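Just one chain follows, in the form predicted on its own, and it is written as structure tokens.
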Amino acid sequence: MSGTDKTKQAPLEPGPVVVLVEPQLGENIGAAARAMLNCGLTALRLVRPRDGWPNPKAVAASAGADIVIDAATVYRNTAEAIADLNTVYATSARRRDIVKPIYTPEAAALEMRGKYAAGQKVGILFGRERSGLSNHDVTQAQALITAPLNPAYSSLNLGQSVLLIAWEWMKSGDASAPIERPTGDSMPAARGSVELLLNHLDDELDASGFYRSHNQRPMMQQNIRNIFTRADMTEQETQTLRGVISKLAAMRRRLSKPD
């Protein structure tokens, strides 16, 4: 997906604070800001960005996520950046020799939702592009977030990492149905309409000699029924198919008449 519409950049809430610890490239900060706004997050904090701040390369890479870039704040160290937060999660691609709860992104997002709804300020720490978070950074968080990636290659760039967690945050509060089935102007078919279609089809198949074996007929009828009931048709589609059956049946009868 590409393109931006700045008129629509009005998230209802800032959500968790994203803290980038010593990010190196402005482009990566911009990519992280873009990922944040994709998922409705706007609170960005930077700890000692290597190339300084503000950074025009971050603005360009953010692809219009100005609301995030313009409000980003800079801190001298991680402790200052999280001082006002109630709960902090540290992201890590590897296991640490530190005793802390370890969450998947999905589980962390669900817990963050609960804490955020209760009025807590929540933050997520992301580390340096090359080395991630230091153990000192991790010890300042209450829990770790580790994504179940390919253990032989779990490296993500900064923008990907932010998007992974931000997406789970957005998904955890999304009330959309997991699957949408648009039906246009027609309603989903009533079971009775599907039954009439199946009976119509069965009668014409029988009349055309489709069921050649009496023993196989019940199984063939069941297979045909499964095909059509699984299709989740609309009322219009059932009517269209009945018209097709009628047309084919009329043609069969015409061809079967003796000259």
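The numbering used is simple: start at 1 and walk along the sequence shown. If you superpose the two forms and keep the largest set of C-alpha atoms that fall within 1.5 Å, you have the rigid core. Computed from a prediction, not measured in an experiment: that's the story for all the values here.
Quick note: we don't show the form predicted in complex with a further copy of the same chain, though the next part is all about it.
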query: Which of 149-157, 118-126, 132-140, 72-80 lines the interface with a further copy of the same chain in the predicted bound form (heavy atom within 4.5 Å); finding: 149-157
query: Heavy atom distance at most 4.5 Å to a further copy of the same chain in the predicted bound form, all of K100, L205 and I224; finding: yes
query: In the predicted bound form, R45 touching a further copy of the same chain (heavy atom, 4.5 Å); finding: no
query: In the predicted bound form, A107 touching a further copy of the same chain (heavy atom, 4.5 Å); finding: yes
query: 4.5 angstroms heavy atom contact with a further copy of the same chain in the predicted bound form for M170; finding: yes
query: A93: touches a further copy of the same chain in the predicted bound form, heavy atom cutoff 4.5 angstroms; finding: no
query: Residues of 27-65 having any heavy atom within 4.5 Å of a further copy of the same chain in the predicted bound form, listed in sequence order; finding: A31, R34, A35, L37, N38, C39, G40, S62, A63, G64, A65
query: Exceeds or equals 2 Å, Cα of Q236 between this form and the one not shown, core fit; finding: yes
query: E204: Cα shift of 2 Å or greater between this form and the one not shown (core-aligned); finding: yes
query: Cα displacement of Q221 between this form and the one not shown reaching 2 Å, rigid core superposed; finding: yes
